[in-house]
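Next up, C-alpha coordinates for two forms of one chain, structure 1 and then structure 2.
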Structure 1
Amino acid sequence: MIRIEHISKSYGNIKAIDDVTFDVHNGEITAFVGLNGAGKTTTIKVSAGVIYPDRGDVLIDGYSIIKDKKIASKSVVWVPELPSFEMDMRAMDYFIYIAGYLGYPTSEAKELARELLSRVGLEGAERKRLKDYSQGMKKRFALALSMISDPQNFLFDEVLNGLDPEGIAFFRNFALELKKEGKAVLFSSHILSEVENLADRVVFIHKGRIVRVMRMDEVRNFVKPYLFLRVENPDSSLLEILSKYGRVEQSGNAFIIRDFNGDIGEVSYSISTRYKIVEIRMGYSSLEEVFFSIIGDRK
(Lines of atoms letter the chains of each structure in order from A and count residues from 1; the text may use other names and numbers.)
(Lines give C-alpha, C1' and ligand atoms only; values in the text may rest on other atoms or scores of the structure.)
Protein backbone atom coordinates (compact mmCIF):
# COMPACT_ATOMS: atom_id res chain seq x y z
CA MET A 1 0.00 0.00 0.00
CA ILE A 2 1.15 3.51 -0.82
CA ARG A 3 0.14 6.30 1.54
CA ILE A 4 1.01 9.82 0.37
CA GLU A 5 0.78 12.22 3.28
CA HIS A 6 0.71 16.00 2.80
CA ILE A 7 3.71 16.20 0.49
CA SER A 8 4.84 19.53 -0.97
CA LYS A 9 7.73 20.26 -3.31
CA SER A 10 9.04 23.47 -4.88
CA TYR A 11 11.66 24.10 -7.53
CA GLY A 12 12.99 27.56 -6.77
CA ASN A 13 9.99 29.87 -6.67
CA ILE A 14 7.75 27.37 -8.44
CA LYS A 15 5.57 25.16 -6.23
CA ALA A 16 5.19 21.88 -8.11
CA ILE A 17 2.92 20.17 -5.58
CA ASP A 18 1.18 21.50 -2.50
CA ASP A 19 -0.13 19.34 0.36
CA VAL A 20 -0.80 16.28 -1.82
CA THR A 21 -2.52 13.46 0.08
CA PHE A 22 -4.07 10.19 -1.14
CA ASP A 23 -3.70 6.40 -0.83
CA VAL A 24 -3.21 3.56 -3.30
CA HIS A 25 -4.57 0.32 -1.84
CA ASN A 26 -3.39 -3.22 -2.41
CA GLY A 27 -5.27 -4.95 -5.22
CA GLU A 28 -6.25 -1.58 -6.66
CA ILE A 29 -5.38 0.39 -9.79
CA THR A 30 -5.43 4.12 -9.14
CA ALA A 31 -5.22 6.58 -12.01
CA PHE A 32 -3.51 9.94 -11.57
CA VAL A 33 -5.04 12.52 -13.91
CA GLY A 34 -4.11 16.13 -14.58
CA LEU A 35 -2.90 18.57 -17.21
CA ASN A 36 0.77 18.80 -18.19
CA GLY A 37 2.65 20.46 -15.35
CA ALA A 38 -0.05 19.66 -12.78
CA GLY A 39 2.40 17.81 -10.52
CA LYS A 40 1.91 14.15 -11.43
CA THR A 41 5.55 13.33 -12.16
CA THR A 42 6.82 15.19 -9.09
CA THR A 43 4.37 13.28 -6.88
CA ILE A 44 5.45 9.96 -8.39
CA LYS A 45 9.17 10.76 -8.06
CA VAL A 46 8.71 11.68 -4.39
CA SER A 47 6.75 8.45 -3.84
CA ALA A 48 9.56 6.45 -5.43
CA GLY A 49 12.19 8.14 -3.27
CA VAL A 50 13.90 9.66 -6.32
CA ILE A 51 13.51 13.18 -4.91
CA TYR A 52 12.70 14.38 -1.40
CA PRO A 53 9.68 16.51 -0.56
CA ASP A 54 10.02 19.84 1.20
CA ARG A 55 7.30 18.68 3.58
CA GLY A 56 5.27 15.54 4.16
CA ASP A 57 6.11 11.88 3.69
CA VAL A 58 5.18 8.77 1.72
CA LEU A 59 4.67 5.43 3.44
CA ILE A 60 5.34 2.30 1.41
CA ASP A 61 3.74 -0.66 3.21
CA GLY A 62 4.06 1.36 6.40
CA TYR A 63 7.72 2.40 5.90
CA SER A 64 8.73 6.01 5.34
CA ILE A 65 10.38 6.64 1.97
CA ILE A 66 12.47 9.26 3.82
CA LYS A 67 13.30 7.75 7.24
CA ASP A 68 13.22 4.07 6.21
CA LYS A 69 14.23 4.51 2.57
CA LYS A 70 16.29 1.30 2.30
CA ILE A 71 13.36 -0.86 3.45
CA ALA A 72 10.64 1.15 1.69
CA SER A 73 12.51 1.18 -1.65
CA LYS A 74 12.51 -2.63 -1.77
CA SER A 75 8.72 -2.62 -1.98
CA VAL A 76 8.15 0.02 -4.65
CA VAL A 77 9.24 0.38 -8.25
CA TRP A 78 8.99 3.37 -10.59
CA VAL A 79 8.71 3.11 -14.37
CA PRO A 80 9.20 6.57 -15.95
CA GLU A 81 7.73 7.84 -19.20
CA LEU A 82 11.12 7.59 -20.93
CA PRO A 83 13.16 4.75 -19.39
CA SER A 84 16.93 5.23 -19.57
CA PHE A 85 19.29 2.30 -20.23
CA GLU A 86 22.84 1.64 -21.44
CA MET A 87 21.74 1.45 -25.05
CA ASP A 88 24.79 -0.40 -26.37
CA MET A 89 24.17 -3.33 -24.02
CA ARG A 90 22.14 -6.36 -24.99
CA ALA A 91 18.84 -6.76 -23.16
CA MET A 92 19.85 -10.02 -21.46
CA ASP A 93 23.20 -8.61 -20.27
CA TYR A 94 21.59 -5.45 -18.92
CA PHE A 95 18.92 -7.45 -17.13
CA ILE A 96 21.58 -9.67 -15.49
CA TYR A 97 23.54 -6.57 -14.48
CA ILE A 98 20.51 -4.99 -12.75
CA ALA A 99 19.50 -8.29 -11.15
CA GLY A 100 23.05 -8.74 -9.87
CA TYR A 101 22.90 -5.29 -8.30
CA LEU A 102 19.77 -6.51 -6.49
CA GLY A 103 21.59 -9.58 -5.18
CA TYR A 104 20.80 -12.29 -7.75
CA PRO A 105 23.61 -14.72 -8.73
CA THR A 106 24.23 -14.83 -12.49
CA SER A 107 22.62 -18.23 -13.02
CA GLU A 108 19.42 -17.17 -11.20
CA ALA A 109 19.42 -13.82 -13.00
CA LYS A 110 19.53 -15.56 -16.40
CA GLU A 111 16.63 -17.83 -15.48
CA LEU A 112 14.63 -14.87 -14.17
CA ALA A 113 15.44 -12.87 -17.31
CA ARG A 114 14.04 -15.58 -19.56
CA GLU A 115 10.90 -15.79 -17.45
CA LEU A 116 10.20 -12.06 -17.17
CA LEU A 117 11.23 -11.10 -20.72
CA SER A 118 8.90 -13.80 -21.99
CA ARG A 119 6.12 -12.50 -19.73
CA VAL A 120 6.36 -9.02 -21.28
CA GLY A 121 6.47 -10.33 -24.85
CA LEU A 122 10.23 -9.97 -25.50
CA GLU A 123 10.97 -13.66 -25.95
CA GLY A 124 13.38 -13.98 -28.87
CA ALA A 125 14.68 -10.42 -28.48
CA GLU A 126 16.89 -11.07 -25.43
CA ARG A 127 20.15 -10.75 -27.38
CA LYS A 128 19.21 -7.57 -29.20
CA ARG A 129 20.95 -4.36 -28.22
CA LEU A 130 18.67 -1.95 -26.40
CA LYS A 131 19.36 0.76 -28.99
CA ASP A 132 17.67 -1.49 -31.55
CA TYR A 133 14.51 -1.81 -29.46
CA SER A 134 11.45 0.17 -30.50
CA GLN A 135 9.91 2.59 -28.00
CA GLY A 136 7.27 0.01 -27.14
CA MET A 137 9.90 -2.71 -26.63
CA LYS A 138 11.90 -0.41 -24.34
CA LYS A 139 8.84 0.13 -22.18
CA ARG A 140 8.16 -3.59 -22.05
CA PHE A 141 11.78 -4.11 -21.04
CA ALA A 142 11.35 -1.52 -18.28
CA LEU A 143 8.30 -3.46 -17.05
CA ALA A 144 10.38 -6.65 -16.93
CA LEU A 145 13.06 -4.88 -14.89
CA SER A 146 10.39 -3.55 -12.53
CA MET A 147 9.40 -7.10 -11.58
CA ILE A 148 12.90 -8.36 -10.65
CA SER A 149 12.44 -7.78 -6.93
CA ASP A 150 8.72 -8.74 -7.03
CA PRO A 151 7.66 -5.44 -5.40
CA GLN A 152 4.25 -4.92 -3.87
CA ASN A 153 3.80 -1.39 -5.23
CA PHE A 154 4.12 -0.02 -8.76
CA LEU A 155 4.38 3.58 -9.99
CA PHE A 156 3.85 4.07 -13.73
CA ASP A 157 4.42 7.59 -15.07
CA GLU A 158 2.83 8.11 -18.51
CA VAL A 159 3.98 4.67 -19.67
CA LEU A 160 1.24 4.64 -22.33
CA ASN A 161 2.72 7.61 -24.19
CA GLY A 162 4.18 6.60 -27.54
CA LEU A 163 2.69 3.11 -27.49
CA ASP A 164 0.74 1.67 -30.40
CA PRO A 165 -2.66 0.03 -29.76
CA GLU A 166 -0.99 -3.36 -29.23
CA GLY A 167 1.35 -1.85 -26.64
CA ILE A 168 -1.53 -0.14 -24.85
CA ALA A 169 -3.49 -3.39 -24.77
CA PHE A 170 -0.41 -5.15 -23.37
CA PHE A 171 -0.03 -2.63 -20.54
CA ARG A 172 -3.73 -2.88 -19.75
CA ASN A 173 -3.49 -6.64 -19.33
CA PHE A 174 -0.22 -6.32 -17.41
CA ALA A 175 -1.73 -3.85 -14.90
CA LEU A 176 -4.80 -6.06 -14.44
CA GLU A 177 -2.52 -9.03 -13.69
CA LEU A 178 -0.75 -6.99 -11.00
CA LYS A 179 -4.14 -6.10 -9.52
CA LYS A 180 -5.13 -9.79 -9.39
CA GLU A 181 -1.87 -10.48 -7.55
CA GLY A 182 -2.88 -7.94 -4.90
CA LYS A 183 -0.36 -5.27 -5.92
CA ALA A 184 -0.92 -1.55 -5.47
CA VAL A 185 -0.72 0.25 -8.83
CA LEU A 186 -0.60 4.00 -9.46
CA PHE A 187 -0.42 5.18 -13.06
CA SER A 188 -0.61 8.59 -14.62
CA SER A 189 -1.91 8.98 -18.15
CA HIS A 190 -3.26 11.45 -20.68
CA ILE A 191 -5.14 8.63 -22.43
CA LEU A 192 -8.34 8.99 -20.49
CA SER A 193 -10.15 6.20 -22.32
CA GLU A 194 -7.61 3.80 -20.81
CA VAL A 195 -8.16 5.34 -17.39
CA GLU A 196 -11.84 4.48 -17.77
CA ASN A 197 -10.94 0.92 -18.82
CA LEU A 198 -8.45 0.28 -16.01
CA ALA A 199 -8.89 2.37 -12.91
CA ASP A 200 -10.71 1.50 -9.71
CA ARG A 201 -10.23 5.06 -8.50
CA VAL A 202 -9.18 8.34 -10.10
CA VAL A 203 -7.14 11.06 -8.39
CA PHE A 204 -7.52 14.46 -10.08
CA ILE A 205 -4.67 16.93 -9.62
CA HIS A 206 -4.64 20.53 -10.83
CA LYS A 207 -1.92 23.13 -10.35
CA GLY A 208 -0.16 20.99 -7.78
CA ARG A 209 -3.16 20.28 -5.57
CA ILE A 210 -5.51 17.31 -5.36
CA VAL A 211 -8.95 18.57 -6.35
CA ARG A 212 -10.91 15.34 -6.13
CA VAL A 213 -10.60 11.58 -5.56
CA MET A 214 -13.38 9.44 -7.04
CA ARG A 215 -14.13 5.75 -7.38
CA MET A 216 -14.95 4.78 -10.95
CA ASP A 217 -18.56 4.06 -9.99
CA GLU A 218 -18.75 7.64 -8.67
CA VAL A 219 -17.28 8.90 -11.93
CA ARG A 220 -19.89 6.98 -13.89
CA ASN A 221 -22.64 8.45 -11.70
CA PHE A 222 -21.11 11.89 -12.22
CA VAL A 223 -21.37 11.72 -16.02
CA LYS A 224 -24.42 13.25 -17.61
CA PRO A 225 -26.38 12.05 -20.62
CA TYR A 226 -26.60 13.92 -23.89
CA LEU A 227 -28.63 13.46 -27.06
CA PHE A 228 -26.97 13.69 -30.47
CA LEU A 229 -29.21 14.61 -33.38
CA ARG A 230 -28.53 15.22 -37.08
CA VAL A 231 -31.25 16.42 -39.46
CA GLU A 232 -31.29 17.35 -43.14
CA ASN A 233 -33.39 20.51 -42.89
CA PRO A 234 -32.70 22.41 -39.63
CA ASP A 235 -34.16 25.86 -38.96
CA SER A 236 -34.44 28.27 -36.04
CA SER A 237 -37.66 26.65 -34.82
CA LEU A 238 -35.88 23.33 -34.30
CA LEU A 239 -33.44 24.98 -31.88
CA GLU A 240 -36.38 26.29 -29.86
CA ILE A 241 -38.03 22.86 -29.73
CA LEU A 242 -34.85 21.08 -28.64
CA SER A 243 -34.07 23.63 -25.92
CA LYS A 244 -36.99 22.21 -23.92
CA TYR A 245 -34.91 19.08 -23.33
CA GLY A 246 -31.63 20.63 -22.20
CA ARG A 247 -28.75 22.88 -23.22
CA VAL A 248 -28.42 22.81 -27.01
CA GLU A 249 -25.19 23.10 -29.01
CA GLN A 250 -25.45 23.38 -32.80
CA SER A 251 -22.87 22.75 -35.52
CA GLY A 252 -24.41 22.93 -38.97
CA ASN A 253 -27.12 20.29 -39.18
CA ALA A 254 -25.90 18.51 -36.02
CA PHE A 255 -27.19 19.18 -32.51
CA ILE A 256 -26.06 18.04 -29.07
CA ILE A 257 -28.47 18.42 -26.16
CA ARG A 258 -26.42 18.53 -22.94
CA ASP A 259 -27.93 17.50 -19.59
CA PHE A 260 -30.66 15.77 -21.57
CA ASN A 261 -33.82 15.44 -19.51
CA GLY A 262 -36.24 13.89 -21.97
CA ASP A 263 -36.92 10.67 -23.81
CA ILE A 264 -35.27 9.88 -27.14
CA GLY A 265 -38.52 8.49 -28.54
CA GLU A 266 -40.42 11.61 -27.51
CA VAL A 267 -37.90 13.89 -29.24
CA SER A 268 -37.93 11.77 -32.39
CA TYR A 269 -41.73 11.74 -32.53
CA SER A 270 -42.10 15.47 -31.87
CA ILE A 271 -39.85 16.56 -34.76
CA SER A 272 -40.18 13.74 -37.31
CA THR A 273 -43.23 15.19 -39.07
CA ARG A 274 -41.37 18.42 -39.88
CA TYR A 275 -37.68 17.44 -40.00
CA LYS A 276 -35.91 14.55 -41.71
CA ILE A 277 -33.82 12.81 -39.05
CA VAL A 278 -30.51 11.42 -40.34
CA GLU A 279 -29.16 10.24 -36.98
CA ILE A 280 -30.33 10.27 -33.37
CA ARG A 281 -28.63 8.56 -30.41
CA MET A 282 -27.88 8.84 -26.71
CA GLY A 283 -24.39 9.33 -25.30
CA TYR A 284 -22.65 10.04 -22.03
CA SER A 285 -19.91 12.48 -21.12
CA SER A 286 -16.35 11.15 -21.05
CA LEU A 287 -13.84 11.18 -18.22
CA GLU A 288 -12.19 14.12 -19.96
CA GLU A 289 -15.40 16.11 -19.70
CA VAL A 290 -15.75 15.10 -16.06
CA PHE A 291 -12.20 16.30 -15.41
CA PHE A 292 -12.73 19.69 -17.00
CA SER A 293 -16.02 20.03 -15.18
CA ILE A 294 -14.23 19.40 -11.87
CA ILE A 295 -11.40 21.87 -12.50
CA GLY A 296 -13.61 24.39 -14.30
CA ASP A 297 -13.86 26.75 -11.34
CA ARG A 298 -10.21 26.31 -10.35
CA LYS A 299 -8.45 27.68 -13.44
Structure 2
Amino acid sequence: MIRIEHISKSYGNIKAIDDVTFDVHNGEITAFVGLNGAGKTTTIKVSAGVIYPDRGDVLIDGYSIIKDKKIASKSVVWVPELPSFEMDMRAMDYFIYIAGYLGYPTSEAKELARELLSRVGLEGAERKRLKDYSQGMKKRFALALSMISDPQNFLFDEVLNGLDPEGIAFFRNFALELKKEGKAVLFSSHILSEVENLADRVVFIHKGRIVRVMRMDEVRNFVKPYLFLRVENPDSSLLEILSKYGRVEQSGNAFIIRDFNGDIGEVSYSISTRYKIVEIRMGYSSLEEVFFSIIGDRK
Protein backbone atom coordinates (compact mmCIF):
# COMPACT_ATOMS: atom_id res chain seq x y z
CA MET A 1 0.00 0.00 0.00
CA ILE A 2 1.39 3.34 -1.06
CA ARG A 3 -0.15 6.54 0.31
CA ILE A 4 0.90 9.65 -1.51
CA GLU A 5 0.02 12.59 0.69
CA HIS A 6 -0.05 16.16 -0.59
CA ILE A 7 3.31 16.13 -2.29
CA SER A 8 4.53 19.17 -4.21
CA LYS A 9 7.77 19.70 -6.00
CA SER A 10 9.10 22.60 -8.05
CA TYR A 11 12.12 22.86 -10.26
CA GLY A 12 12.98 26.51 -10.15
CA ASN A 13 9.86 28.24 -11.39
CA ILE A 14 8.35 25.08 -12.83
CA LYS A 15 5.81 23.44 -10.57
CA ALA A 16 6.37 19.82 -11.56
CA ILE A 17 3.71 18.48 -9.18
CA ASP A 18 1.26 20.32 -7.00
CA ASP A 19 -0.43 18.77 -3.98
CA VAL A 20 -0.56 15.27 -5.44
CA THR A 21 -2.57 12.86 -3.29
CA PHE A 22 -3.70 9.33 -4.07
CA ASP A 23 -3.36 5.75 -2.88
CA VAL A 24 -2.06 2.64 -4.54
CA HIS A 25 -3.98 -0.27 -3.04
CA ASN A 26 -2.75 -3.79 -2.38
CA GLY A 27 -3.89 -6.40 -4.87
CA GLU A 28 -4.52 -3.76 -7.49
CA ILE A 29 -2.75 -2.35 -10.48
CA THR A 30 -3.15 1.38 -10.51
CA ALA A 31 -2.49 3.13 -13.80
CA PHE A 32 -0.93 6.56 -13.57
CA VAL A 33 -1.78 8.38 -16.76
CA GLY A 34 -0.80 11.81 -17.99
CA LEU A 35 0.79 13.59 -20.94
CA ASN A 36 4.51 14.13 -21.29
CA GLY A 37 5.64 16.49 -18.56
CA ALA A 38 2.47 15.97 -16.51
CA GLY A 39 4.51 15.03 -13.44
CA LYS A 40 4.34 11.22 -13.38
CA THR A 41 8.08 10.66 -13.07
CA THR A 42 8.39 13.35 -10.43
CA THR A 43 5.62 11.74 -8.35
CA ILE A 44 7.18 8.32 -8.72
CA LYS A 45 10.69 9.53 -7.87
CA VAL A 46 9.41 11.18 -4.72
CA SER A 47 7.57 7.98 -3.81
CA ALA A 48 10.72 5.92 -4.39
CA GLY A 49 12.76 8.19 -2.13
CA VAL A 50 14.98 9.28 -5.02
CA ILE A 51 14.17 12.97 -4.69
CA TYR A 52 12.74 14.92 -1.81
CA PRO A 53 9.47 16.79 -2.25
CA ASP A 54 9.13 20.42 -1.19
CA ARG A 55 6.10 19.47 0.86
CA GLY A 56 4.12 16.36 1.70
CA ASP A 57 5.08 12.77 2.36
CA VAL A 58 4.69 9.29 0.97
CA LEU A 59 3.88 6.35 3.20
CA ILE A 60 4.98 2.90 2.12
CA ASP A 61 3.06 0.36 4.19
CA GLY A 62 2.77 3.08 6.79
CA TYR A 63 6.44 4.12 6.81
CA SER A 64 7.44 7.58 5.67
CA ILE A 65 9.85 7.57 2.74
CA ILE A 66 11.47 10.64 4.31
CA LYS A 67 11.57 9.87 8.00
CA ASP A 68 11.92 6.10 7.84
CA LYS A 69 13.73 5.97 4.52
CA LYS A 70 15.46 2.64 5.04
CA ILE A 71 12.40 0.71 6.21
CA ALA A 72 10.13 2.33 3.64
CA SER A 73 12.61 1.74 0.79
CA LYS A 74 12.85 -1.91 1.68
CA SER A 75 9.30 -2.51 0.57
CA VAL A 76 9.16 -0.36 -2.53
CA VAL A 77 10.58 -1.09 -5.96
CA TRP A 78 11.35 1.54 -8.54
CA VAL A 79 11.78 0.58 -12.17
CA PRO A 80 12.80 3.85 -13.79
CA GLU A 81 11.80 5.16 -17.17
CA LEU A 82 15.44 5.18 -18.28
CA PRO A 83 17.43 3.16 -15.78
CA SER A 84 20.95 4.37 -15.18
CA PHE A 85 23.53 2.52 -13.14
CA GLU A 86 27.27 2.81 -12.95
CA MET A 87 27.52 1.54 -16.45
CA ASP A 88 31.13 0.42 -16.57
CA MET A 89 30.47 -2.18 -13.90
CA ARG A 90 29.46 -5.73 -14.63
CA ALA A 91 25.90 -6.68 -13.71
CA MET A 92 27.03 -9.25 -11.17
CA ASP A 93 29.50 -6.84 -9.51
CA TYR A 94 26.92 -4.11 -9.26
CA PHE A 95 24.48 -6.56 -7.75
CA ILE A 96 27.05 -7.63 -5.17
CA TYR A 97 27.84 -3.99 -4.44
CA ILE A 98 24.20 -3.12 -3.76
CA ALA A 99 23.61 -6.32 -1.83
CA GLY A 100 26.64 -5.39 0.27
CA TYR A 101 24.81 -2.30 1.45
CA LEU A 102 21.95 -4.53 2.53
CA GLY A 103 24.34 -6.68 4.52
CA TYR A 104 24.78 -9.63 2.19
CA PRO A 105 28.21 -11.26 2.14
CA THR A 106 29.61 -11.76 -1.35
CA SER A 107 28.89 -15.46 -1.66
CA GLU A 108 25.25 -15.09 -0.61
CA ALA A 109 24.86 -12.05 -2.84
CA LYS A 110 26.09 -14.09 -5.80
CA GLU A 111 23.60 -16.81 -5.15
CA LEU A 112 20.78 -14.30 -4.78
CA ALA A 113 21.90 -12.54 -7.95
CA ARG A 114 21.67 -15.74 -9.96
CA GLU A 115 18.23 -16.44 -8.59
CA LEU A 116 16.78 -12.96 -9.10
CA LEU A 117 18.45 -12.31 -12.44
CA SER A 118 17.06 -15.53 -13.84
CA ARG A 119 13.65 -14.65 -12.44
CA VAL A 120 13.63 -11.49 -14.57
CA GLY A 121 15.00 -13.33 -17.59
CA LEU A 122 18.59 -12.13 -17.41
CA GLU A 123 20.28 -15.49 -16.95
CA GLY A 124 23.48 -15.66 -18.95
CA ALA A 125 23.93 -11.88 -18.90
CA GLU A 126 25.38 -11.68 -15.39
CA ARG A 127 28.94 -11.07 -16.52
CA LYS A 128 28.02 -8.42 -19.08
CA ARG A 129 28.86 -4.81 -18.47
CA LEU A 130 25.80 -2.70 -17.77
CA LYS A 131 26.60 -0.37 -20.64
CA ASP A 132 26.13 -3.33 -22.98
CA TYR A 133 22.61 -3.95 -21.66
CA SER A 134 19.61 -2.92 -23.79
CA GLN A 135 16.89 -0.65 -22.37
CA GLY A 136 14.74 -3.68 -21.65
CA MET A 137 17.58 -5.50 -19.91
CA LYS A 138 18.29 -2.47 -17.76
CA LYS A 139 14.66 -2.38 -16.65
CA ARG A 140 14.75 -6.06 -15.78
CA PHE A 141 18.00 -5.53 -13.95
CA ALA A 142 16.53 -2.66 -11.92
CA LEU A 143 13.64 -4.94 -11.02
CA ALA A 144 15.98 -7.73 -9.94
CA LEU A 145 18.04 -5.36 -7.78
CA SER A 146 14.98 -3.97 -6.05
CA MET A 147 13.69 -7.41 -5.24
CA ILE A 148 16.66 -8.16 -2.98
CA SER A 149 14.59 -6.99 -0.04
CA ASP A 150 11.37 -8.82 -1.05
CA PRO A 151 9.25 -5.67 -1.46
CA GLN A 152 5.46 -5.37 -1.39
CA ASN A 153 5.03 -2.24 -3.49
CA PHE A 154 6.03 -1.54 -7.07
CA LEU A 155 6.51 1.66 -9.02
CA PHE A 156 6.79 1.06 -12.77
CA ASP A 157 7.56 4.26 -14.65
CA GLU A 158 6.65 3.98 -18.35
CA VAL A 159 7.98 0.49 -18.09
CA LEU A 160 6.60 -0.69 -21.44
CA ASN A 161 8.16 2.20 -23.31
CA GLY A 162 10.80 1.09 -25.76
CA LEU A 163 10.36 -2.63 -25.11
CA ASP A 164 9.99 -5.38 -27.68
CA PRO A 165 6.81 -7.52 -27.60
CA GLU A 166 8.50 -10.09 -25.41
CA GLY A 167 9.55 -7.43 -22.94
CA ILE A 168 6.08 -5.91 -22.92
CA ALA A 169 4.55 -9.32 -22.25
CA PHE A 170 7.07 -9.97 -19.49
CA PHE A 171 6.29 -6.79 -17.57
CA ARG A 172 2.51 -7.11 -18.07
CA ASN A 173 2.53 -10.66 -16.79
CA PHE A 174 4.86 -9.72 -14.01
CA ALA A 175 2.49 -6.96 -12.90
CA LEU A 176 -0.52 -9.27 -13.07
CA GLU A 177 1.33 -11.83 -10.99
CA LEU A 178 2.16 -9.21 -8.38
CA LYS A 179 -1.49 -8.22 -8.27
CA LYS A 180 -2.46 -11.84 -7.66
CA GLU A 181 0.05 -11.97 -4.82
CA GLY A 182 -1.74 -9.02 -3.26
CA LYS A 183 0.95 -6.46 -3.94
CA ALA A 184 0.46 -2.80 -4.77
CA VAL A 185 1.48 -1.78 -8.28
CA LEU A 186 1.63 1.68 -9.79
CA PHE A 187 2.01 1.65 -13.54
CA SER A 188 2.60 4.95 -15.25
CA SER A 189 1.96 5.60 -18.93
CA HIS A 190 1.11 8.42 -21.25
CA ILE A 191 -1.12 6.14 -23.31
CA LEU A 192 -4.36 5.11 -21.66
CA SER A 193 -4.94 2.15 -24.01
CA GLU A 194 -1.58 0.72 -23.02
CA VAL A 195 -2.90 0.04 -19.53
CA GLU A 196 -6.52 -0.63 -20.48
CA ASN A 197 -6.40 -4.36 -20.06
CA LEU A 198 -4.03 -4.24 -17.14
CA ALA A 199 -5.14 -1.67 -14.63
CA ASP A 200 -7.98 -1.76 -12.15
CA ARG A 201 -7.91 1.94 -11.47
CA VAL A 202 -6.64 4.96 -13.30
CA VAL A 203 -5.19 8.06 -11.72
CA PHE A 204 -5.13 10.93 -14.20
CA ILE A 205 -2.51 13.62 -13.76
CA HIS A 206 -2.37 16.81 -15.74
CA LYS A 207 0.03 19.72 -15.37
CA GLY A 208 1.18 18.48 -12.02
CA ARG A 209 -2.28 18.00 -10.51
CA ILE A 210 -4.41 14.90 -10.06
CA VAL A 211 -7.48 15.53 -12.19
CA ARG A 212 -9.42 12.34 -11.65
CA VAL A 213 -9.25 8.88 -10.15
CA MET A 214 -11.52 6.32 -11.79
CA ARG A 215 -12.13 2.61 -11.89
CA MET A 216 -11.18 1.14 -15.24
CA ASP A 217 -14.80 0.09 -16.02
CA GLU A 218 -15.91 3.67 -15.39
CA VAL A 219 -13.35 4.81 -17.89
CA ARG A 220 -14.73 2.34 -20.41
CA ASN A 221 -18.20 3.80 -19.94
CA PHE A 222 -16.84 6.99 -21.35
CA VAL A 223 -16.30 5.23 -24.62
CA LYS A 224 -19.21 6.42 -26.83
CA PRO A 225 -20.19 5.72 -30.42
CA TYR A 226 -19.93 8.40 -33.10
CA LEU A 227 -20.93 8.75 -36.71
CA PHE A 228 -18.57 9.98 -39.37
CA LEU A 229 -20.09 11.56 -42.46
CA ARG A 230 -18.65 13.23 -45.56
CA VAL A 231 -20.89 14.85 -48.19
CA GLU A 232 -20.10 16.80 -51.36
CA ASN A 233 -22.57 19.62 -50.81
CA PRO A 234 -23.02 20.49 -47.11
CA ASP A 235 -25.16 23.41 -46.02
CA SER A 236 -26.56 24.84 -42.79
CA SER A 237 -29.73 22.76 -42.80
CA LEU A 238 -27.68 19.58 -42.86
CA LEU A 239 -26.16 20.68 -39.55
CA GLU A 240 -29.68 21.09 -38.20
CA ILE A 241 -30.73 17.61 -39.26
CA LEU A 242 -27.63 15.98 -37.89
CA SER A 243 -27.81 17.70 -34.50
CA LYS A 244 -30.95 15.65 -33.74
CA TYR A 245 -28.66 12.58 -33.44
CA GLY A 246 -26.02 14.02 -31.16
CA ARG A 247 -23.26 16.63 -30.82
CA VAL A 248 -22.04 17.67 -34.22
CA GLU A 249 -18.53 18.77 -35.10
CA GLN A 250 -17.89 20.06 -38.59
CA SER A 251 -14.67 20.47 -40.45
CA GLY A 252 -15.18 21.41 -44.09
CA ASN A 253 -17.42 18.82 -45.67
CA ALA A 254 -16.75 16.25 -42.93
CA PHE A 255 -18.97 15.81 -39.86
CA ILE A 256 -18.58 13.88 -36.65
CA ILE A 257 -21.70 13.25 -34.61
CA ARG A 258 -20.60 12.52 -31.09
CA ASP A 259 -22.68 10.48 -28.62
CA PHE A 260 -24.52 9.21 -31.64
CA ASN A 261 -27.95 8.01 -30.63
CA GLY A 262 -29.51 7.13 -34.01
CA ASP A 263 -29.22 4.49 -36.66
CA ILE A 264 -26.75 4.71 -39.50
CA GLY A 265 -29.32 3.51 -42.07
CA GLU A 266 -31.87 6.04 -40.97
CA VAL A 267 -29.41 8.91 -41.24
CA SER A 268 -28.20 7.96 -44.69
CA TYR A 269 -31.76 7.51 -45.89
CA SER A 270 -33.01 10.83 -44.59
CA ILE A 271 -30.22 12.91 -46.10
CA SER A 272 -29.49 11.02 -49.32
CA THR A 273 -32.19 12.88 -51.26
CA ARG A 274 -30.61 16.31 -50.80
CA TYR A 275 -26.95 15.55 -50.21
CA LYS A 276 -24.43 13.47 -52.06
CA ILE A 277 -22.84 11.13 -49.48
CA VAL A 278 -19.13 10.37 -50.07
CA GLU A 279 -18.47 8.43 -46.87
CA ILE A 280 -20.53 7.33 -43.90
CA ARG A 281 -19.45 5.01 -41.08
CA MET A 282 -19.87 4.32 -37.35
CA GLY A 283 -17.02 4.40 -34.87
CA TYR A 284 -16.25 4.40 -31.16
CA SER A 285 -14.28 7.14 -29.46
CA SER A 286 -10.84 5.88 -28.43
CA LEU A 287 -9.58 5.77 -24.89
CA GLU A 288 -7.24 8.57 -25.84
CA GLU A 289 -10.21 10.73 -26.65
CA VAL A 290 -11.70 9.80 -23.31
CA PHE A 291 -8.45 10.72 -21.74
CA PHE A 292 -8.39 14.11 -23.40
CA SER A 293 -11.97 14.73 -22.46
CA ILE A 294 -11.20 13.85 -18.84
CA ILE A 295 -8.19 16.08 -18.51
CA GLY A 296 -10.04 18.69 -20.53
CA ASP A 297 -12.86 18.62 -17.96
CA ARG A 298 -10.62 20.09 -15.38
CA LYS A 299 -8.69 22.58 -17.43
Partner chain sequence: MRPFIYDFKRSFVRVSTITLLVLFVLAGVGFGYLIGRGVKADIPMKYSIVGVLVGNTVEGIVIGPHGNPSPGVKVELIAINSVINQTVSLVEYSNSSGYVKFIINESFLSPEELVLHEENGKNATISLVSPFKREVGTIILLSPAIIFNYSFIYASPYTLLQQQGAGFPVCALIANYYPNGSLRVYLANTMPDYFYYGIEPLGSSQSSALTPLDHLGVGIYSLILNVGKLTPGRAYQLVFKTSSNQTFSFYFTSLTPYISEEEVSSVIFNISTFVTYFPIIFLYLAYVLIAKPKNYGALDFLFSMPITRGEIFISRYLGGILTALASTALLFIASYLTLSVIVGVTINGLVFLYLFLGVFLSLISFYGLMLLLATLFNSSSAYMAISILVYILFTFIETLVFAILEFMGYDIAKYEAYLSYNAPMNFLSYIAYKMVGASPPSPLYLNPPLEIATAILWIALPTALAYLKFTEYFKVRKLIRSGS
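Each form is matched to the other, and the largest set of C-alpha atoms that superpose within 1.5 Å is called the rigid core. Residue indices: 1-based, along structure 1. This structure is a prediction, so every number in the text was calculated from the model and none was measured.
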Looking at both copies of this chain, which one is the form predicted in complex with the partner chain? 2
My question is whether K180 is one of the residues whose C-alpha shifts by 2 Å or more between structures 1 and 2, given a fit on the rigid core. no
So, superposing on the core, is the move of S146 at the CA at least 2 angstroms between structures 1 and 2? yes
After the core is overlaid between structures 1 and 2, has the C-alpha of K69 moved by 2 angstroms or more? no
The CA shift of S236 between structures 1 and 2, rigid core aligned, in angstrom, is 10.4
Relative to the superposed core, report the C-alpha shift of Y94 between structures 1 and 2 in angstrom. 4.2
